[in-house]
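Before any questions on binding or motion, here is one chain by itself as structure tokens, the form predicted alone.
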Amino acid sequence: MGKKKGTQKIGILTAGGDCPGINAAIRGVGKTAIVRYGMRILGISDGFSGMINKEFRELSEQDLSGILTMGGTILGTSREKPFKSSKGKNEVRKPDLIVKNYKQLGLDCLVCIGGNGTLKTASLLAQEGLNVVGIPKTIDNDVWGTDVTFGFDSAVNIAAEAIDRLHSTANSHKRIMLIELMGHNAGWIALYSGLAAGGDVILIPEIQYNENKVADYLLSRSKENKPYSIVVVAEGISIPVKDMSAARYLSKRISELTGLETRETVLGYIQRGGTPSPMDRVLATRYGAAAAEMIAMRDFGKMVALRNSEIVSVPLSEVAGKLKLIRPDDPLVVQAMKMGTSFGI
């Protein structure tokens, strides 16, 4: 596919887990690139596997119409990690295939929309000599270098609504209701939704909890004639057994330690699906538009980020391999403790 002299051609891919707002980001990149700069846009299919297998389609402005509010990703995604499983067709290194296809497609830049793994791969591709721009997305909000990722607000809204609904059941049956939310290493969803929906106990991976202290706290609430309790846990909290969810283990242990009726709910993939919140639509659009501006200025090897409400760019080399985790002295944790919320410590 040729291109007019002076016309930039950019590829866009989405990798890793899906989350609300990806299509808004694709639209933000594409519409800004096409309308303002006259660029050509290639949508790469299914993450980095699309670059390896040279699977793509050109996107017109019309293709980007109507996708702002859609969940998922119109490009498809995969968890392909080309630098981990490095052999490709005919034993050629997958990164070499990506470089080869990038050049054959005549790309001026590759936009990588994804979380920590995607951005690490993007950084490595930049080291291979490709022009790359990263856009941070994940419901976990754990990408280093940005105040917030799109997808997080939508997930918190969904989780908070689920906790709201558990309050009525917990109160009706005078029981402890435990809800497990996503977050392998970072407890941002549990912390924010727990605060938003009045969780009595919030357990996150960053703060080591003591199950006996959790039990004592719940017993004290019962003795104070507080008829029910809500326990919010991130899926990545440490438990001493394998092959059991955090929710199942803690529900069983709380029942054993307190004698109080306890039920668990695992919210799971519901947190990742569906229509993005208005906040996520706006943030993803801002990120996408900023990525197109960076490409026009040839500001490559960077990730778009939000810092103190301003859109900035951060070197991918600084982002790669790092996680943004909750500090035990985070102001939200401190405030929650002052209001009587237990973190099991």
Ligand code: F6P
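Don't overthink the numbering: it's just position in the shown sequence, from 1. The model shown is predicted, which means the values in this text are computed figures rather than measured ones.
Keep in mind that the form predicted in complex with the named molecule is not shown, yet the notes after this line are about it.
K.L.:
Is Thr138 close enough to touch the named molecule in the model of the complex, meaning at least one heavy atom pair within 4.5 Å?
P.N.:
Yes, contact at 4.5 Å.
K.L.:
How about Arg79: is it within 4.5 Å of the named molecule in the model of the complex, going by heavy atoms?
P.N.:
Arg79: contacts the named molecule in the model of the complex.
K.L.:
Any of the heavy atoms of Gly183 lying within 4.5 Å of the named molecule in the model of the complex?
P.N.:
Heavy-atom contact with the named molecule at 4.5 Å: present for Gly183.
K.L.:
Using 4.5 Å between non-hydrogen atoms, is Arg272 touching the named molecule in the model of the complex?
P.N.:
Looking in the model of the complex, residue contacts with the named molecule include Arg272, since a heavy atom lies within 4.5 Å.
K.L.:
Partner absent here, but in the model of the complex, which of 102 to 110, 117 to 125, 244 to 252, 175 to 183 has residues with a heavy atom within 4.5 Å of the named molecule?
P.N.:
In the other structure, the partner sits against 175 to 183.
K.L.:
Please identify the residue among Asp153, Asp200, Glu235, Glu264 with any heavy atom within 4.5 Å of the named molecule in the model of the complex.
P.N.:
The residue from Asp153, Asp200, Glu235, Glu264 that makes the contact is Glu235.
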